[in-house]
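Only one chain comes next, encoded as structure tokens, the form predicted on its own.
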Amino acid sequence: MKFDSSTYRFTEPGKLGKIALSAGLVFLVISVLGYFQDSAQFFLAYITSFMFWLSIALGGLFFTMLHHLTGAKWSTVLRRVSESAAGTIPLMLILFIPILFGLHELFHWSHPEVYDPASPSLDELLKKKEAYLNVPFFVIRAVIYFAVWFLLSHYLTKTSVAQDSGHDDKLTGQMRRVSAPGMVLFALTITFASFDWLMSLDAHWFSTIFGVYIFSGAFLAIMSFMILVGYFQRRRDVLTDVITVEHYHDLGKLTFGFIIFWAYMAFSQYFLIWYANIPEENYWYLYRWDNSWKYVSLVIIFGHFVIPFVGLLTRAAKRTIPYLAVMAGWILVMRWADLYWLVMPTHHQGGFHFSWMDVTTCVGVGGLFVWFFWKRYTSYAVVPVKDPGLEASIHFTNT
């Protein structure tokens, strides 16, 4: 790995991309072999892993648009990380295809007989949702989601890179103007995508706060990912004087804030359903507080909230970079655990069911994600060199 600090470009990206690609392909092949052993478990593990890595990409898109809308200076040196994470959307579209082949394994509503009045399998509740929960409309919506995400990420990255040739206030204004309606489109698409790909795994259950819950997790994922990418480079003496302890401090503050926000969304969703005590709603939580799933729920409560909350509470914790990187890694593990907790009980209601495919699919999809991310990240300057806020960002100091 060789880096030219005068141009902020990698002259030799190193072996990370090759290692990630090799690991991704090998572990995906191993996962496919598991499909022939237990196809249902394969698709459950795959959608969990897919949603975990997709959340990092979507978090990157949100962070990029947030940066442009607020005109923040401190985050300028970090923008290429979020842009490159969002730039993995085309890869995630390709990796979404196996989910389409697993619709009947994953989603009960995809079976035609549940809508057939003459069938003994008729489901009256799902029948009322047939106009929305049907395979053709499901696919159309997925295409719309990915189209919106791709167009936003592609335009913002292309314009950002074009700015490297010379500062132009017009380009800065364009990125801000696109980010404004982009935020609205992002809010709608991530909400409905979370309904389609996660909540409809159990189509009898519903929660209006579910989209915000998934979004808060996605933002936590990109914050943690950016910390780890920065630390990975720092260990190799890359951008040590550009991404400073001040930037890690702000990343730590945002991570700490969204730990609280995620917990607030999670508790609000639970509290409203518990308080109403309606059988059509509360059974979803009963499955997750029964048998061995109870212990997984406790791991989520303490691992996803209590430990990172206490661990990031102090100023020193946010400014100690190796420690912050460890906490970021822990949060990413808990993000995966949270998605696992959302997905698996819908099909394994009798208790916790861990499979080796849960690991291989995560490493497989993750290997391809890291490879594609690193390829994009190292293909141009790793900071926006002509951005007018770059100098202010480099010399940013927390007060």
Partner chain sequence: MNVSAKELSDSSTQREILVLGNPTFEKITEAVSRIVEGKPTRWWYALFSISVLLTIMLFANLVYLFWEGTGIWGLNNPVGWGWAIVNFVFWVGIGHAGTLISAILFLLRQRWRTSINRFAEAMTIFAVICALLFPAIHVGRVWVLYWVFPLPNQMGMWPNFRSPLLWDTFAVGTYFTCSLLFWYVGLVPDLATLRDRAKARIKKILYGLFALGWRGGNRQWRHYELSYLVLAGVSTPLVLSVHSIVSTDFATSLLPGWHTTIFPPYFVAGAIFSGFAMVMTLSLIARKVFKLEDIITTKTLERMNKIILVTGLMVGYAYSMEFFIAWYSGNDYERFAFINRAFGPYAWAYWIMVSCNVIVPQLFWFKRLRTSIPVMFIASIFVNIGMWFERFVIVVTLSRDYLPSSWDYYSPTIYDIMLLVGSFGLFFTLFLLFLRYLPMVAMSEVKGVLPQADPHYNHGEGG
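Numbering follows the first chain given and starts at 1. Just so it is clear, the structure is predicted and the values come from calculations on it, not from any experiment.
Quick note: we don't show the form predicted in complex with the partner chain, though the next part is all about it.
Among 96, 205, 138, 146, the residue placing a heavy atom within 4.5 Å of the partner chain in the predicted bound form is 205. Residue 264 is the only one of 155, 323, 283, 264 with a heavy atom lying within 4.5 Å of the partner chain in the predicted bound form.
Between 77-85, 222-230, 184-192, 325-333, the stretch whose residues reach within 4.5 angstroms of the partner chain in the predicted bound form through a non-hydrogen atom is 184-192. When the partner chain is considered in the predicted bound form, residue 167 lies well away from it, no heavy atom lying within 4.5 Å. The partner chain in the predicted bound form is approached by residue 398, whose closest heavy atom lies within 4.5 angstroms of it. In the predicted bound form, residue 269 approaches the partner chain with a heavy atom inside 4.5 Å. The closest non-hydrogen atom of residue 104 lies beyond 4.5 Å of the partner chain in the predicted bound form.
Taking the partner chain as it sits in the predicted bound form, the stretch 124-155 comes within 4.5 angstroms of it through a non-hydrogen atom at 125, 128, 129, 131, 132, 133.
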